[in-house]
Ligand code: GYE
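First, one chain by itself in structure tokens, the form predicted alone.
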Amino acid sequence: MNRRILLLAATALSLGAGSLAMGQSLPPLEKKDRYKVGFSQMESNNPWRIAETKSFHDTAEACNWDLIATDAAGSAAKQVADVDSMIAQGIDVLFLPPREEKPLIPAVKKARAAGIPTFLVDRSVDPAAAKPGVDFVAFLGSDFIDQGRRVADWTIANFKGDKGVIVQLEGTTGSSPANDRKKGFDDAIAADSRFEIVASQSGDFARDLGRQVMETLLQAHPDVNVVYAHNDEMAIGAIQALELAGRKPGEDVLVVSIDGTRDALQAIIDGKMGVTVESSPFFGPLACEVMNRYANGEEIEHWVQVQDRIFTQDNAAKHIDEAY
């Protein structure tokens, strides 16, 4: 059981009356023909974020939304300001992928104080500071710790060498996926004495920065033979850096990652990447479904968990046409 589940369980116990009481403490959502919906995107500098935003735009018409979508361009401060602007515009409901766990807590609290039901999407906030069922309705997303664990388990099962020298490319510092994907991987990989993580540095979930970080880490650790990236964009950047250094991804370096992008599946097909665990960006339909359930007075689970697939040489070609 991971730390986020434990904290959510502790929250429920501390409120005594259970999830019904927590539901009563939340702002209601009136049943209407159309809703003014806010979607505060954190950035649009990679295929995953672009696909997520498109999913909300594509869903808007079918779900009878007047969608207000913003782009914080990678700034937590701007994302808080974007939420302030949406509140001023009178949105009925807010969908928020918080760039970082702590800096976006004020945005969540402001929306709650304004009587706006808020759903955290694909990323969460520090559960010790903002609680589901009290400060926001629910978190819609994956189990990031499990994603990291699954990558580690696959690496342990498929690594052919005697000694695994691992470099880890972390996501955005302070974000829930970076924190949890690291924990899941580190805890699982520690169980096999063949492996050692010799360096772990943030590439901010970005391809070019991932390439730059990998170039630097290669100079310090030329014997690296496993690269774990917290997302596919950094993994692709790492592959570029490895090839520029004369290394052979998929042969003398095992590259493993998370997201399930088209480029990653192609890299798996080409033999340059071993595995990627899916983290779907297509949240629009799920957001519509959960919002409508909430408007109908249904009790919403604190974590609406997304189930993720795993892509390897065995199935990458089968699924590449549906990837983004």
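Numbers for residues come from their place in the sequence shown, where the first is 1. Here the structure is a predicted model, which is why all the values come from computation and not from measurement.
As for the form predicted together with the named molecule, it is not shown, yet the points below apply to it.
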Using heavy atoms only and a 4.5 Å cut-off, determine which of Lys272, Arg262, Arg49, Arg293 is in contact with the named molecule in the model of the complex. Arg49
Within 4.5 Å of the named molecule in the model of the complex, heavy atoms considered, which of Pro117, Gly164, Pro177, Gly184? Pro177
Listed range touching the named molecule, judged in the model of the complex by heavy atoms within 4.5 Å, from 121 to 129, 100 to 108, 218 to 226, 149 to 157: 121 to 129
Are any of the heavy atoms in Ser279 no more than 4.5 Å from a heavy atom of the named molecule in the model of the complex? yes
Heavy atoms within 4.5 Å of the named molecule in the model of the complex is the criterion; list the residues of 221 to 237 that meet it. Asn231
